[in-house]
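As a starting point, one isolated chain is supplied in structure tokens, in the form predicted on its own.
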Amino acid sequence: MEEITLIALTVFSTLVFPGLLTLWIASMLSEWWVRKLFARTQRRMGPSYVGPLGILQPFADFLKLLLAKTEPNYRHGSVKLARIFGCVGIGAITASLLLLPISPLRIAFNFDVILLIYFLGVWVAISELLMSTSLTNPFTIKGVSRFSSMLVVAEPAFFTATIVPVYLVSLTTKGEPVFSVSTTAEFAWSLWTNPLTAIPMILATIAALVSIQSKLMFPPFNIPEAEQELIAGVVTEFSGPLLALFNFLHDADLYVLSLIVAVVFLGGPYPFSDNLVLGALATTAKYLVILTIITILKSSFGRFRVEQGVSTIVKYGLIPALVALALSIIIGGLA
């Protein structure tokens, strides 16, 4: 009976909540929020036609690409390979959700943060890069090379920043398991109340937000898809279902990265973990704050050149993350 329950819980967590179905819905809603807010900053309407306030527009766009649009016959490259890498990326994101405290099937063990880094920092990035290079085009290759240049700095910056609250929680609490995402989420909110730990937390949060901008190719880091120079860069060859898959992977990455900041840096449902409704509202509020900040940053800058983008990630992403980690280590030595 216990085995059947575990299997059912695994299937539910993987396919329904917080897995594939919830991932798709949350990703589409996140896209709507970003598009709507981004449009408002430019005095445009944004999504407005499908659903109340256009909230169903991303769903309609996705289904149109998936069901109504067709893919051309590519002379070079492999559509099947691109689809495989896209599915691998979606699978990695889905697996990473099981490490968060919102999952009914809680995967938690010592140093499970390494698994989170492996899923999001390795497989999602590899999937995006190989998905694009599966369809050869000079503009695509140029876009991928630019994207790779930023990822080399952005990925270490984001996950160095992520390690900061994980490490600080391991110092200041005796929660189990250690160096775990779930333990960090439980105690991260208390780090902001301590002046010593609040400083590295501020630096790490700034580094994480800057890194997310570049990982998602949002302005000012939309260098790999500069329409005036590269047509559409990494997505030049994508259309129909393949473009729908790539857009889903991109939106899912936005959703999960923002959710990680809300949970690991800001504590997710805590301090209302004992109340399901208040906990869910607290997590949603924190998530929307992060998503709003990302959108405001997106609307506030023009596109950088490649060297400017990499330099900015180093200056406002990697260096603050390293400084935050160094301060955390010093705090650990004083403890």
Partner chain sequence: MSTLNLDPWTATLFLSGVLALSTLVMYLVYITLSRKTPQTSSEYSEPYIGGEPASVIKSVDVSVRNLFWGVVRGAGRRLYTFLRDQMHNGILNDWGVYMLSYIGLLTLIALIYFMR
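Numbering follows the first chain given and starts at 1. Everything quoted here is computed from the prediction, not taken from an experiment.
There is another form of the same protein, the form predicted in complex with the partner chain; it is not shown, and what comes next is about it.
May I ask whether Leu99, Leu115 and Ile141 all come within 4.5 angstroms of the partner chain in the predicted bound form, judged by heavy atoms? Yes: Leu99, Leu115 and Ile141 each sit within 4.5 Å of the partner chain in the predicted bound form.
The partner chain in the predicted bound form: contacting segment from 257-265, 116-124, 217-225, 201-209, heavy atom within 4.5 Å: Of the options given, it is 116-124.
May I ask you to choose, among Ser300, Asn275, Thr70, Gln42, the residue with a heavy atom within 4.5 Å of the partner chain in the predicted bound form? Among Ser300, Asn275, Thr70, Gln42, a heavy atom within 4.5 Å of the partner chain in the predicted bound form occurs only for Thr70.
Quick check on Glu237: any heavy atom within 4.5 Å of the partner chain in the predicted bound form? Contact with the partner chain, yes.
So, Ser103 and the partner chain: in the predicted bound form, are they within 4.5 Å at any heavy atom pair? Contact with the partner chain, yes.
Taking the shortest heavy atom distance, is Leu6 within 4.5 Å of the partner chain in the predicted bound form? Although the partner chain is absent here, Leu6 would touch it in the predicted bound form, with heavy atoms inside 4.5 Å.
Would you check, heavy atoms only and a 4.5 Å threshold, whether Ala108 touches the partner chain in the predicted bound form? Ala108: contacts the partner chain in the predicted bound form.
So which residues in 67-88, when you check the partner chain in the predicted bound form, have a heavy atom no farther than 4.5 Å from it? Counting only heavy atoms within 4.5 Å of the partner chain in the predicted bound form, the contacting residues of 67-88 are Leu67, Ala68, Lys69, Thr70, Glu71, Pro72, Asn73, Tyr74, Arg75, His76, Lys80, Arg83, Ile84, Cys87, Val88.
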